[in-house]
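There is one chain below, alone, in structure tokens, taken in the form predicted alone.
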């Protein structure tokens, strides 16, 4: 359940930039890792509370996206996608060389910290319920964005950015704001996850394959919809759990994810939600 809530948060946040704005980000995991690192550092080295550190992780991830977005969102299509991969690799190398972040060995918690939250068992449940709330807020935010003037501007950019400029949409500002908002929730989720684990290191914080899996989740459920990333995250997490515990398929997890992404693009570009909506006018009114 913890893993499921985590991927729902990640997929729904990615949908803001991928689904509503049309920009495919292969490096969205950078915000999860960077926000997680900042929050974990504040807890383990500076004695901050979990709540303040989690909020700080989200804010710093959002600020990072604001700075990155002002530069790379000038690019489009494959150029933007490649730049996000480069940003993720660069951030991992940067963290590897920062001594107060522990370098390549990362950081670890003094487990006595958990006593401030009622002990390890109580802390685990506290983190679980916090992540549940974060996942819920992420989905609600996605809904609010879609049905707002801001979201309408994003969707115009997705359909035809040049036409959006002619219509007076401030495309650079809206894209950067969407990118920054989409980074806030992964940054907070990273803090919660690493606090639960008690340690963080670069390879765990910036795994490129998780960014690819997030894209699969969004497209599987239906990009640009509110429920799509939730359904896609749930379905893919179940598939992933089966693959990882299967003697036959455990080493083919990423290959199957890539094949699934290819099949979705070729045969079901609107995902599960889009397919259901196309089958019934009633479902078209209900499903978003």
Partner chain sequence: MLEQLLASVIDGLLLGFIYGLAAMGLTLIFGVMEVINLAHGPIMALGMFGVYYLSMEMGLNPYLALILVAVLGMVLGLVIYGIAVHRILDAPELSSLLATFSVNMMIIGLGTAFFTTSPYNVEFSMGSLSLGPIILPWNRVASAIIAVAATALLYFFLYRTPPGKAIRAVSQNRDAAELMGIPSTTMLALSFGIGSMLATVAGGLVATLFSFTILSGATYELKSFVIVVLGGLGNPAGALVGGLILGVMEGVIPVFIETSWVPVIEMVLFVLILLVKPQGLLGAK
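Fair warning: this is a prediction, and the values are worked out from it, not measured in the lab. Superpose the two forms; the largest set of C-alphas matching within 1.5 Å is the rigid core. Positions refer to the first chain, counted from 1.
Keep in mind that the form predicted together with the partner chain is missing from the display, and what follows is about it.
Enquirer: Would you say all of 59, 191 and 235 touch the partner chain in the model of the complex, counting a heavy atom within 4.5 Å as a touch?
Expert: So, no: the whole triplet misses the partner chain.
Enquirer: Note which of 109, 123, 87, 181 lies within 4.5 Å of the partner chain in the model of the complex, where distance is taken over heavy atoms; exactly one does.
Expert: Checking each option against the partner chain in the model of the complex, the one that comes within 4.5 Å is 87.
Enquirer: Name the stretch, out of 198 to 206, 132 to 140, 110 to 118, 73 to 81, where some heavy atom lies within 4.5 Å of the partner chain in the model of the complex.
Expert: Stretch 73 to 81 is the one.
Enquirer: Using 4.5 Å between non-hydrogen atoms, is residue 26 touching the partner chain in the model of the complex?
Expert: Answer yes; at least one heavy atom of residue 26 falls within 4.5 Å of the partner chain in the model of the complex.
Enquirer: Even though the partner isn't displayed, in the model of the complex is residue 30 close enough to the partner chain, meaning a heavy atom within 4.5 Å?
Expert: Residue 30: no, not in contact with the partner chain in the model of the complex.
Enquirer: Can residue 43 be called a contact residue for the partner chain in the model of the complex at 4.5 Å between heavy atoms?
Expert: No, no contact at 4.5 Å.
Enquirer: Please tell me whether any heavy atom belonging to residue 65 falls inside 4.5 Å of a heavy atom of the partner chain, as the geometry stands in the model of the complex.
Expert: Judged by the heavy-atom cut-off of 4.5 Å, residue 65 is well away from the partner chain in the model of the complex.
Enquirer: For a quick check, can you give me the residues of 252 to 267 that have a heavy atom within 4.5 Å of the partner chain in the model of the complex?
Expert: Result: 252, 254, 255, 257, 258, 259, 261, 262, 265, 266, 267.
Enquirer: Superposing on the rigid core, does the Cα of residue 249 end up 2 Å or more away between the shown form and the other one?
Expert: The answer is yes, as the C-alpha of residue 249 shifts between the shown form and the other one by 2 Å or more after core alignment.
Enquirer: Classify residue 261 as shifted (yes) or not shifted (no) between the shown form and the other one, where shifted means its C-alpha moves by 2 Å or more with the rigid core superposed.
Expert: The answer is yes, as the C-alpha of residue 261 shifts between the shown form and the other one by 2 Å or more after core alignment.
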